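Just one chain follows, in the form predicted on its own, and it is written as structure tokens.
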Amino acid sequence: MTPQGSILRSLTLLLAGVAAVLSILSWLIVSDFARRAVGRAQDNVLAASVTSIAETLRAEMGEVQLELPYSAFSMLGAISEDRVFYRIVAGGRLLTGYDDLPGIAEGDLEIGRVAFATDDYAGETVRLASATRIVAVGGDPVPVTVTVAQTRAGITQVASDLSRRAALISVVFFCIAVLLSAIAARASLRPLSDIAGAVARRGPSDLRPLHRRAPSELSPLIKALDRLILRLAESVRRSEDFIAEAAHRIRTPLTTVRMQSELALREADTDADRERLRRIIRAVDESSRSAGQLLDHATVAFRAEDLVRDPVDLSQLARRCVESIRPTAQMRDIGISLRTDPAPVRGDAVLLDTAVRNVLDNAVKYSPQATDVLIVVGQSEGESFVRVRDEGPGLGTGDFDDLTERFRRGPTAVDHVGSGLGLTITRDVLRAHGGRLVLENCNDEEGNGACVSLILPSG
């Protein structure tokens, strides 16, 4: 099935997109706040300057008098290097300052309150602050308007600097958020990866339910997998039962057919009839052997699911296998030599017996008459082994691992009865026990033949 993208990548990109939106929003908010804060600071200083000038207004000798306080303009210079302009008008007459400085409309001015406006003056944008105060001159009230203006270039530069710093902070925040998003996405998907790893580490015959703790969002997935595994286990069990029953039912009539064929062979009158009967007997032997090995294969698959780990000595197991197969070997004048040292392992004695018996049976079957089969049992470098060597035609050429596939037989096995399951059964037994099967052609001073090694962890 073709992958449809990556959940980790999609989740990371989604979280990164959210982080990008939040970063942009934070930059916009901080930039707007900086502009407002700087503008508010300028307005506060302008208002303080206007108020301090207005407080110096007084009436003397029938005229409005004032003294421009130094502090009124030094405050404005403290926040930026912008230019400052002012104008004081008493009763419509300019007392001092810039006559052409824009003012604030009279309708926007209230006695005792500071009004603000933004206008253009001298080719620059200026911020204006105006306040009106009533001064009694000769018993008559005279309105005096004080206007102070300051350019906004420096204030704008300060706001821009703050905005750039906010942008830098937003970029740093975005990078950190992307990193944290990737970590969070990976952590969120770790339970799914753990489940996938637990399933991937299982052997082909391990059909136990998962029984794993997982977040509530993954519970439906685990329950569905458990139901699928249970259905698959039941299907495999039914197949194994069918194979075992079929093998049992097939071997009984095959035995009868073989007996009747042997009787007919003794009574046959012509060579052609005897040849046909020999072919029938050979076919029956192949079918009977295949049925038996199918049963062995089903037994291996069934017992490997819940493997027993009992102490087993391979040397004793090999002796029993040799004694059971020795009569068959003696019928063909094949000698069996056994060299044993203690070789303890932990495993299923029934399965290990099946594996060793299959290898010994192959060695006897493929060995020429009046030859020897050597079995060596021992221990080396933390591993126990059973090594079987015959003096037959060997394993042929090519990849020997192919010989362990089901129903696969080598070029040297054409003229012998067999099903192609013996080495498959042996391989499966060893894999279930954490061991391995090694196939080699022997060609040394002791002669030629096949050398098959069953290697298991010592225990």
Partner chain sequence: MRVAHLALWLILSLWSVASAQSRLEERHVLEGTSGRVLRILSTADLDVFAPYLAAFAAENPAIGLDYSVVSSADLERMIREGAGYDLALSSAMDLQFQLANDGFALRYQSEATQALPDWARWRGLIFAFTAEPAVVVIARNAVADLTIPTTRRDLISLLRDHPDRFEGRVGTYDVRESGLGYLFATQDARATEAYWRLSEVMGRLDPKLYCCSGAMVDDLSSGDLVLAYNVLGSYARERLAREGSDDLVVVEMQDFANVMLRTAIVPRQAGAPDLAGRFIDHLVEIGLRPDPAHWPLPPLSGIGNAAAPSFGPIRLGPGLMVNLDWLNRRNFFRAWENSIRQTVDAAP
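Residue numbers count along the first chain shown, from 1. Keep in mind that this is a model prediction, so the values were computed, not measured.
One more form of this protein, predicted together with the partner chain, exists but is not displayed; see below.
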| item | value |
| --- | --- |
| Interface residue in the predicted complex among 346, 237, 83, 276, criterion: non-hydrogen atom within 4.5 angstroms of the partner chain | 83 |
| Interface residue in the predicted complex among 191, 91, 378, 97, criterion: non-hydrogen atom within 4.5 angstroms of the partner chain | 97 |
| Contact stretch among 425-433, 61-69, 27-35, 386-394 - heavy atom within 4.5 Å of the partner chain in the predicted complex | 61-69 |
| Heavy atom of residue 151 within 4.5 Å of the partner chain in the predicted complex | yes |
| Contact flag, residue 255 vs the partner chain in the predicted complex, heavy atom cut 4.5 Å | no |
| Contact of residue 124 with the partner chain in the predicted complex (heavy atom, 4.5 Å) | yes |
| Touches the partner chain in the predicted complex: residue 173 (any heavy atom, 4.5 Å) | no |
